[in-house]
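First, one chain by itself: the form predicted alone, in structure tokens.
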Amino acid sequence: MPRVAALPFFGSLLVLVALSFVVALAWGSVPLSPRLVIATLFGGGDEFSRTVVLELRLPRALAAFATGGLLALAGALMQVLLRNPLADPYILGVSGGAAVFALGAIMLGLGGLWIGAGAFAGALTSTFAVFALAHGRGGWTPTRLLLTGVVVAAGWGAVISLMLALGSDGSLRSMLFWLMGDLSHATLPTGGLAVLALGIALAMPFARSLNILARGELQAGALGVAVRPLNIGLYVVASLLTASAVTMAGAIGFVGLVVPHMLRLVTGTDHRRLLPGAVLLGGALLITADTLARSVLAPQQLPVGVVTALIGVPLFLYLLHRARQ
């Protein structure tokens, strides 16, 4: 597998993240020069630039970075857990449970805090449901988890369709935007960044074990890896990361699926680089997608999930073609 030196690899990703932040803070319905943006971040600028940069664009860019990092990290962990390169953070029905509870809050006319709390509660409810239903003789297996998650996700999908059919015209637009992923109401993501830091802190000490587990449970067990506790830990951490991302921005697809594949083509399958790299690249990708979502048709805004799909579908097809070659 390809390998690159750690310093140039992480240095390039950090530069990419910094550039995506500068573009996000400068580009919009009111364009600002990169020089003015940087000066504003360091305490300069006029009152108008401080309002635009610090109060409007910076919290949204930080929320996009946190959400992208959470989804990419969860996707990398899910692909190891299920030993399936097509696994993504939503494959076990986490987004479906979050959507049902969040849409219920919207139908009841509740505000943003209730929507976020409902989404988090729904994601955790779906997590525990899959975890309980998939337990059979011999414990949890990747196949059993995957099949149970697909069935649970289908059930949540039916409930979502029913709620959309019964929802009022006034709430329908908000419900659809939430389902497609939306950062227009994002605030400073203190909790999301804390969960992201916790997730990477929990995952990195087990990076070597993940390298072995990716080759199969039998080989991992023979080499001394505690497979069952590691699988449970992966599932809990990935679900917590996904629940936090869905709470902040709704259901945003393709980030957790595409980003780990992109990194494997560059740095190989070593999770000591893949996991932190996924956080940085996922954050930069979603910042860029959200900048496009709010700027392409300004002042009208697109759901960021639509932009990630438009970017992710051709990119993933290209990655599959390159991997086949």
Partner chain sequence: MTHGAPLPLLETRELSVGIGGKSVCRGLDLRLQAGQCLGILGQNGVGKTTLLHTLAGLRPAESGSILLRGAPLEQLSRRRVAQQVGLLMQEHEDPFPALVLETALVGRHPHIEFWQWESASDIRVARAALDAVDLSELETRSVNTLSGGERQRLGLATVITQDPDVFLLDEPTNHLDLQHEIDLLRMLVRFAREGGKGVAMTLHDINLAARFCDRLLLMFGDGETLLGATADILTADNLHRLFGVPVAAVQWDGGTVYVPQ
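What you see is a predicted model, and the numbers here were worked out from it, not measured in a lab. Numbering follows the first chain given and starts at 1.
Omitted here: the form predicted in complex with the partner chain. The next part is about that form.
Listed stretches are 232-240, 159-167, 145-153, 217-225; the contact stretch with the partner chain in the model of the complex is 217-225, by a heavy atom cutoff of 4.5 Å.
Taken together, the three residues 63, 184 and 288 lack any non-hydrogen atom within 4.5 angstroms of the partner chain in the model of the complex.
At a distance threshold of 4.5 angstroms between non-hydrogen atoms, residue 141 is out of contact with the partner chain in the model of the complex. With a 4.5 Å cutoff on heavy atoms, residue 209 counts as touching the partner chain in the model of the complex. When the partner chain is considered in the model of the complex, residue 135 lies well away from it, no heavy atom lying within 4.5 Å. The partner chain is not drawn, but in the model of the complex it has no heavy atom within 4.5 Å of residue 49.
Contacts between stretch 268-295 and the partner chain, counted in the model of the complex as any heavy atom lying within 4.5 Å, involve 269, 270, 272, listed in sequence order.
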